[in-house]
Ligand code: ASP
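Take a look at this one chain, the form predicted on its own, written out in structure tokens.
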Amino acid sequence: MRIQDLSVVLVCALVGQTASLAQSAKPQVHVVGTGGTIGSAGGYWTGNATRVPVEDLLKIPGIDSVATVTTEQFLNVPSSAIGPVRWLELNRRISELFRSRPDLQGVVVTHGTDTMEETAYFLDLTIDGDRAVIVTGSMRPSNMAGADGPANLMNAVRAAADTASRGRGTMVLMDDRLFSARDVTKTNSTRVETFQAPERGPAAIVDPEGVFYRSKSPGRRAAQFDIGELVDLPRVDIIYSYPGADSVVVDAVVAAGAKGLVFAGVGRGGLTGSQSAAVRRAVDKGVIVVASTRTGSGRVPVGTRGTTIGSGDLNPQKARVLLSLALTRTNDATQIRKIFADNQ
């Protein structure tokens, strides 16, 4: 081989080795697609949407400079189709990813926005370890003018790749802001700024310059609940309070096998009509009752509700997630009250 040819071979080898080292030096982030608006295109608002694979969503200019991203299509459904059984499956998949891939810095989950906050809170309570889980989505389908999905997904990858995200549990990234899964809620049916944390605000702001947290990481987080081999969660129903409400719905869900009830109560968790009598009957049958508020924000004190348990500042849908998991551990009202108190 001529010297010139050998030089070319050596240069090519060095370039390839350098590229390989640079690739391995970047954070590793895995994106798990579950569907939702972010994974939709076409006539979304008329019910004629087409589904977009998660790998196509990652065709974002510059994302490969942030992290080495891998993907999988775990589900491709609207968030209305994701409930307790799917939560368990998703938990096990993410847990398996963290066990089998020690190189992973974090996981991003794409999800529909309608029930995103419940899925995120469930994962926050059940995923072990300190690596980040970031849930994101979009309010506009992928081919709509002003689609917010690419920016949300890019920033979710940024957040998952950032070492400062470790130890903070599951978070929701929407509209350039990161929220704790416990605190965030959807507040508007269509606006891109819909996700808010009414009592606590965002945990961080994410932009092209980085992830800017309001506080230091608390360190490693252990899962609060071990879901083990569960195939479903205990039935917990949400009951809405309104003027003239009677006992029919309460009695019906108890007869259907509800182990817990969460009231979206008026004001500071108050009940209306004949609901109070129905609650007493439910408690006598061993049903755990949690009082929350339909107002959208504010506290219902955990320990001052008599035979019921106050949700603190958890909204009704978050209180339902926590009560469902608490019931996998105990059906003792005193212990469940403590679980709610510990999650304030």
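Note that the coordinates shown come from a computational prediction; the quantities given were computed from them, not determined experimentally. In this text, residue numbers run from 1 along the sequence as written.
Only in words, not in the display: the form predicted together with aspartic acid (ASP), which the text now covers.
- Residue 113 is the only one of 241, 91, 113, 105 with a heavy atom lying within 4.5 Å of aspartic acid (ASP) in the predicted bound form.
- A single residue from the set 119, 165, 138, 155 has any heavy atom within 4.5 angstroms of aspartic acid (ASP) in the predicted bound form; that residue is 138.
- Heavy atoms within 4.5 Å of aspartic acid (ASP) in the predicted bound form are found in exactly one of 73-81, 256-264, 125-133, 207-215, that being 73-81.
- Aspartic acid (ASP) in the predicted bound form comes within 4.5 Å of no heavy atom belonging to residue 235.
- Within 4.5 Å of any heavy atom of aspartic acid (ASP) in the predicted bound form lies no heavy atom of residue 200.
- At a distance threshold of 4.5 angstroms between non-hydrogen atoms, residue 37 is in contact with aspartic acid (ASP) in the predicted bound form.
- Of the heavy atoms in residue 186, some are within 4.5 Å of aspartic acid (ASP) in the predicted bound form.
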